[in-house]
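Just one chain is shown here, as structure tokens, and it is the form predicted alone.
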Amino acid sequence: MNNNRKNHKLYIGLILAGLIVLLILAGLIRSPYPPQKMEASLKLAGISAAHPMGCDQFGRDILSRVMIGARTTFLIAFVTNAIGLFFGILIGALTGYFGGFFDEILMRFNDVMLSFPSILLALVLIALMGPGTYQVMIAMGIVFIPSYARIVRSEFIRFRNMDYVLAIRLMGGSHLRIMFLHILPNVKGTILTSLIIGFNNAVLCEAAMSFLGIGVQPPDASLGLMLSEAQGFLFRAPSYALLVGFVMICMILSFSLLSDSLKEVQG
């Protein structure tokens, strides 16, 4: 029974993630219409065979923009976590392996950053750098570093005094070799689970930034920006917000299910 439940979560997560990836890849190859093409006669047009998701307030095809918007949101989430994970691994590995004064200083700074809501810190950084896609990536990437650093640090503390690590150290293995060739591979499961959770958090954070108008800027598209644009037409064209929101929910749900499956396997 439990194995079937795990399999169902994994399969549903993989299917949803696969559909999102296919949507993004289809947009890279060819979208039904140019995403920026405006048609005055099609403003807020409903769902039809020619426009399966209808058109927005400028007469642009929503499906074409969802393809581009999903790609932008996915790219922001990917780059955000790549920045956070890279520096988080470096900081977490060094502090967790060596400990001491360096560990105390960095972890206290980490605690200060983690005491503030991540969106609030991202807002402050974007206010300093200005709105835009690249600024959102950098700001969110910086905000994500402390979480990854703490996770990696705790794992390195757990492994650094294990027998096999002590044996390698006695055999003359260098600290860098032990850290990145012998300890890091053993914590990849924890890192992968955290990465999937971080991806979802990044999607939500990007949506919040763009919804507030300080993230991705028009005429570019992201799922968060499209939701922000759709809110003014909830009664005239409810399908606009509902369909864009549905795509975002599928993206978040797919990675949530994959994360749950990994946790159950590790548990």
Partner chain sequence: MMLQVKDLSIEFHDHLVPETVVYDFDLQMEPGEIVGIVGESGSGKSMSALAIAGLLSRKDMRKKGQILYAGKDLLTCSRKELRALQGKEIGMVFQEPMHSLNPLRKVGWQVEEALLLHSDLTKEERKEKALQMLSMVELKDTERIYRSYPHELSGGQRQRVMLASALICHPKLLIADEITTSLDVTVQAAILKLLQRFNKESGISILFISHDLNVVKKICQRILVMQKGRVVEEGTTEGLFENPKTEYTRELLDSIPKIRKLTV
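This is a predicted model, so every value here is computed, not measured. Residue numbers count along the first chain shown, from 1.
The same protein has a further form, the form predicted in complex with its partner chain, not shown here; the description that follows concerns it.
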Decide whether Ser174 counts as a contact residue for its partner chain in the predicted bound form under a heavy atom distance cut-off of 4.5 Å. yes
At the 4.5 Å heavy atom threshold, is Asn186 in contact with its partner chain in the predicted bound form? yes
For Leu170, is any heavy atom within 4.5 Å of its partner chain in the predicted bound form, or not? yes
Would Phe87 show up as a contact with its partner chain in the predicted bound form if we use heavy atoms at 4.5 Å? no
Contact with its partner chain in the predicted bound form, heavy atom within 4.5 Å, among Val124, Ile142, Met162, Leu106 goes to Met162
Work out which of Ile157, Leu114, Leu181, Leu192 lies within 4.5 Å of its partner chain in the predicted bound form, going by heavy atoms. Leu181
Among 70-78, 145-153, 114-122, 162-170, the region lying within 4.5 Å of its partner chain in the predicted bound form by heavy atom distance: 162-170
Using a 4.5 Å cut-off on any heavy atom, which residues of 212-243 would contact its partner chain in the predicted bound form? none
